[in-house]
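Next comes just one chain, in structure tokens: the form predicted on its own.
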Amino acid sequence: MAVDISISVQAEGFDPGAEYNRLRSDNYSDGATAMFVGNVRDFYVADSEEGAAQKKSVSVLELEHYPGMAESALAGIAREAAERWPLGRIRVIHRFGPLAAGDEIVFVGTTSAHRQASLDACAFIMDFLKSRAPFWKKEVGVGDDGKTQSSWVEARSSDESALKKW
């Protein structure tokens, strides 16, 4: 049976509950559904000139992507998950544009006959999405001086390390 894969890269928000219902709709063979929803935090941790970490406010997270390439990368990651685990459905949504603190950024949902395959596939997709999908993030907030500051988010070594378990 072919896995039903659905990928969306969009500026519009999404409803995680509606996405769950979409995964479950007329799906009686899969007994497990795993989901991950990522949200914009209202802070980021920056290194100070003295080398200590400082918590900085974030009011907007600006996400950019390479149209066409982003969808293709997400579809490739989803197909790889479908090759590794016996899945019924995969749903991936990634937003772009300016997002406020609390907004949903990403949704990953997977279904399978049993929970472990669904959980593992969901984690796999999210880990590879973080490191391999062509999205760029810029955090915008107010500095200690009251002025607007922005900085591009650097790749984290912990994201690359997460890929090694797969």
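Residue positions are given as counts along the sequence shown, with the first one as 1. Here the structure is a predicted model, which is why all the values come from computation and not from measurement.
The same protein has a further form, the form predicted together with a further copy of the same chain, not shown here; the description that follows concerns it.
Enquirer: Does any part of residue 162 reach within 4.5 Å of a further copy of the same chain in the predicted bound form? Heavy atoms only, please.
Expert: Contact check for residue 162: yes, within 4.5 Å of a further copy of the same chain in the predicted bound form.
Enquirer: Is the gap between residue 31 and a further copy of the same chain in the predicted bound form 4.5 Å or less for some heavy atom pair?
Expert: Judged by the heavy-atom cut-off of 4.5 Å, residue 31 is in contact with a further copy of the same chain in the predicted bound form.
Enquirer: Is residue 38 near a further copy of the same chain? Define near as a heavy atom within 4.5 Å, in the predicted bound form.
Expert: Contact with a further copy of the same chain, yes.
Enquirer: Looking in the predicted bound form, any heavy atom of residue 101 within 4.5 Å of a further copy of the same chain?
Expert: Looking in the predicted bound form, residue contacts with a further copy of the same chain include residue 101, since a heavy atom lies within 4.5 Å.
Enquirer: For the heavy atom contacts within 4.5 Å of a further copy of the same chain in the predicted bound form, list the residues of 94-125 involved, in sequence order.
Expert: Going through 94-125 in order - heavy atoms within 4.5 Å of a further copy of the same chain in the predicted bound form - the hits are 101, 102, 104, 113, 115, 116, 118, 119, 122, 123.
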